[in-house]
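For reference, the chain that follows is the form predicted on its own, supplied as structure tokens.
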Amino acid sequence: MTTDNTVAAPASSPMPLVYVRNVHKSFGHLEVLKGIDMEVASGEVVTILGPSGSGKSTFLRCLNQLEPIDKGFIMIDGEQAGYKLQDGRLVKLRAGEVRRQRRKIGMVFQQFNLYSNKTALENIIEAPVTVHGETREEAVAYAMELLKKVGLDDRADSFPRQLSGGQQQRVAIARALAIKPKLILFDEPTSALDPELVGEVLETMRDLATQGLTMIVVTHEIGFARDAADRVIFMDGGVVVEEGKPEDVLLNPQQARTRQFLNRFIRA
């Protein structure tokens, strides 16, 4: 049961799009998140770095309510995730209300998660039509715009098996954008790709970063963090160890654990 989930008003003004305080998450006896505090402003691109097992992906899943938190609270676009204030107390949202909140968030996973029996176009329009109630004509028109944006407008009728891994991930990015989210989450979007395909996905993400989208990106791609992020966060052991501008965290880290992690990439 979630405890200690009362909301304290953020000190910053205006309220950031993402406002997280003291978030804890355990799986059985394993505590994965140990009190995460984070703010992300509208239009900001934030990358989260850290070793495997540091809690990065779990944190994203908590933001999108794919995993319930055990303690603390998360606010997205002024609403507390999973709760509402009713008669002066916080009550858990029903499943339909949770789905409504999640419509504000797009997510791109490591493994693409495309429907194998649907074309690229059909994958993209699925949520807008079946969940958001758009007409098929509206959804198709916007999906074609998105496919053009990710450089795949000529592959609208292709099935996932007919696309390379990089192309599938770009379709997945278009699908996440199709719901017109306030926030888009990327969970190591290039980790399942062959090295020669990584560049095309990162280029698509760099283009998105210049368009004012609010993005939280879990990645091991140090170059992307350096070039595209407004802020870099380093996590380890379920806590935020260090955060700041890319040039500060990546070139002049203050914490020994951050330096140790980054040195692996420098030696590589």
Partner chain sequence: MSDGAAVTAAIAEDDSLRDVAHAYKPLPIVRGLVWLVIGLIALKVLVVLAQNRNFGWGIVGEWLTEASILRGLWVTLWLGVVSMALGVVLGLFLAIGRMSKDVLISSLASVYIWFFRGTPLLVQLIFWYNLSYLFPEIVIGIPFGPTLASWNTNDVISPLTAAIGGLALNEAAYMAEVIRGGLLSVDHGQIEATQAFGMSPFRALLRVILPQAMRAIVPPTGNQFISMMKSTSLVSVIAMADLLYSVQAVYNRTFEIIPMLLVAVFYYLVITSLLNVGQGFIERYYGRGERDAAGPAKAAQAPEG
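Here the structure is a predicted model, which means the values were calculated and not measured. Residue numbers count along the first chain shown, from 1.
One more form of this protein exists, namely the form predicted in complex with its partner chain; it is left out here, but the text below deals with it.
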Review point. So which of Val140, Met107, Leu193, Ile76 reaches within 4.5 angstroms of its partner chain in the predicted bound form, heavy atom to heavy atom?
Key: Met107
Exercise for review: Could you check which residue among Asp236, Glu221, Glu44, Glu200 gets a heavy atom within 4.5 Å of its partner chain in the predicted bound form?
Suggested key: Glu200
Practice item. Please state whether every one of the three residues His24, Thr58 and Tyr83 places a non-hydrogen atom within 4.5 angstroms of its partner chain in the predicted bound form. Key: no
Check your understanding: Is Leu114 a contact residue for its partner chain in the predicted bound form, using a 4.5 Å heavy atom cut-off?
Key -> yes
Practice item. Examine Thr135 and determine whether its closest non-hydrogen atom to its partner chain in the predicted bound form is within 4.5 angstroms. Key: no
**Study point:** 4.5 Å heavy atom contact, Arg161 and its partner chain in the predicted bound form
**Key:** yes
Practice item. Determine whether any heavy atom of Leu90 comes within 4.5 Å of a heavy atom of its partner chain in the predicted bound form, and answer yes or no. Key: no
Study note, to complete from the structure: Only one of 58-66, 44-52, 211-219, 25-33 has residues with a heavy atom within 4.5 Å of its partner chain in the predicted bound form, and that stretch is 58-66
Point to revise | in the predicted bound form, residues of 118-140 near its partner chain [heavy atom within 4.5 Å] | key: Lys118, Glu126, Ala127, Thr130, Val131
